[in-house]
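Shown next as structure tokens: one chain only, the form predicted on its own.
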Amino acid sequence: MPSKYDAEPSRLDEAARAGWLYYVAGNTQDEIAKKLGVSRQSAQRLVSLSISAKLIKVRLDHPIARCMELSQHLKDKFDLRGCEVVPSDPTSSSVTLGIAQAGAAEMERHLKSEKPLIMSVGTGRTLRACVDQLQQMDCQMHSIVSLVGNIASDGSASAYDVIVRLADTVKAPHFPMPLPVIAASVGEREILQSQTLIRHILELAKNADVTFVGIGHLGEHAPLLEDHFITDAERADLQKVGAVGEIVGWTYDGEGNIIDGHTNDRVASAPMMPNHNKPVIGVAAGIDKIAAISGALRGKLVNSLITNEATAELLLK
């Protein structure tokens, strides 16, 4: 797909103006052609370029009856405080399509608060997609805190850490977790978490007004494995004891019970707090994640959910 860097700046300026006229100002392509002094065909191409170059971010602002119905069923079944179900594209393999936009809108809703708040965030591909959809904001009164480190055992950093990108977009002070996701030993984790800086970040996370997390599965392509936070042998051991999912590195079973021992003894992330009295919003979709999402909902590890139609249907079965 073309990126915004594939076209010359002047051409992108024209495309941005055409996109604004079409999607924001509500002009027809004939009106755009007249205002820009180009042919109708050129106006059409400019509008298309504004989408393909990702200059325009489109969000649906109308409740779809089936999505609302699924949302209510999920709220009833899992006693959720909030749930949003977005449409699914049956021909798309993307598991972030739609939920990234919905997740961004929910983040923006909280960040528009006039009262200072603490937003804690996890990491991962889905949350990264949400942050990429955020509009620029000025939120200097708020604080963004990470629930999890992003360093693998070999010292490499995950490409899907979100806190810096999020903070840059909304101009908010941020508190990253400068730790490995999973420490080399129990002793190392205790030493790391005893540091004054880390204790401060963990305290901020504990007092967060709203939390956004991704939900990972433990299948063959588990994010923890692909990002080199655990080995395949550790993943297999976790599956043997019933682990089906993970949130910020903490693994749990199909009922949402945190697994005793194993890699959880070394997880350096902020602790999970089931039945939290503040919004803990899980953003996740995909057939590979059904057991993981279901476990997180059953165990009250999250109390709100943003997902898509296809995932919602499977969760209700």
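Each form is matched to the other, and the largest set of C-alpha atoms that superpose within 1.5 Å is called the rigid core. The first residue of the sequence shown is number 1, and the count goes up from there. As the structure is a computational prediction, the values presented were derived from the model and not from experiment.
Another form, the form predicted together with the DNA, is not on view; read the next lines as being about it.
Per-stretch contact check against the DNA in the model of the complex, the hit in 285-293, 248-256, 271-279, 33-41 (non-hydrogen atom, 4.5 angstroms) = So the stretch in question is 33-41.
Is it the case that Gln135, Arg165 and His174 all touch the DNA in the model of the complex, with a non-hydrogen atom of each within 4.5 angstroms?
-> Verified in the model of the complex; spot residues all out of contact, no.
Give a yes/no on whether Arg45 approaches the DNA to within 4.5 Å in the model of the complex, heavy atoms considered.
-> Result yes; Arg45 sits at the interface with the DNA in the model of the complex.
Can any non-hydrogen atom of Lys300 be found within 4.5 angstroms of the DNA in the model of the complex?
-> Outside the cut-off, so no.
Should Gln29 be classed as touching the DNA in the model of the complex when contacts are defined as heavy atoms within 4.5 Å?
-> Gln29 belongs to the contact set for the DNA.
4.5 Å heavy atom contact, Arg11 to the DNA in the model of the complex | Arg11: contacts the DNA in the model of the complex.
Displaced residue check between the shown form and the other one: Leu21, CA, 2 Å or over, core reference = Superposed on the core, Leu21 moves its C-alpha 2 Å or more between the shown form and the other one.
C-alpha of Glu31 moved at least 2 Å between the shown form and the other one on rigid core = Indeed, Glu31 is displaced by 2 Å or more.
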